[in-house]
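One chain is shown next in structure tokens, namely the form predicted alone.
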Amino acid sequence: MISSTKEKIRYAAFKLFLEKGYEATNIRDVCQEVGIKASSLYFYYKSKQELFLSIYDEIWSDMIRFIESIEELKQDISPDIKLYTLFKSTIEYCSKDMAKLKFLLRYHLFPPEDIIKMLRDKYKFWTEKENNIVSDLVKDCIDKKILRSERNITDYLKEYFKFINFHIIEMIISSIKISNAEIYSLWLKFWNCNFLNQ
């Protein structure tokens, strides 16, 4: 249940940005959707740009917060199990609200011209946070000789993100969620072929 005016503004703007696009959405559209005057919206957000970027940051922030809250990543278990848990949990998280991922995908692929630099900077900021979490797990795997030390951590990271992003994009395009059995099967193939045998 969306209660506050600010939440209603964000939800309406999110929907419009997702359906119509950034350029085709204006403040009047958002106000009409919420049933408020422009002055009420400007009380919360100075501009369409600020509103858009706050939604973008919120989606990323929620995802990073979720990853950081995964209990298994804090436990004293093998780092390869942690990596699998991270993959599985991220896929499950993404499948619960694919609209947010569609939003990110749309604006990563087709960033609006007037905010392209800001979006790139924000993307870099958020993906670095995500990279650091995965990097720590990969480093732990190398230290424990689960993965080969001859390979660069960056190579492992590229392989991991290529793998997980492919499956997230496939889920978004097909609107079909990946089952737990499929998640495990996909991980085993990936782990054995891309991490252990390269």
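Residue positions are given as counts along the sequence shown, with the first one as 1. Please read these numbers as outputs of a predicted model, since none were measured by experiment.
The discussion below concerns the form predicted in complex with the DNA, not included here.
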Please identify, from 137 to 145, 66 to 74, 44 to 52, 166 to 174, the stretch that has a heavy atom within 4.5 Å of the DNA in the predicted bound form. 44 to 52
Quick one: of Ile36, Ile59, Ile133, Ile153, which gets a non-hydrogen atom within 4.5 angstroms of the DNA in the predicted bound form? Ile36
Candidate spot Ser89, Ser95 and Thr127, all three in 4.5 Å heavy atom range of the DNA in the predicted bound form? no
Can you work out whether Asn26 and the DNA are in contact in the predicted bound form, taking contact to mean some heavy atom pair no more than 4.5 Å apart? yes
Do Thr5 and the DNA come within 4.5 Å of each other in the predicted bound form, heavy atoms counted? yes
Decide whether Ser40 counts as a contact residue for the DNA in the predicted bound form under a heavy atom distance cut-off of 4.5 Å. yes
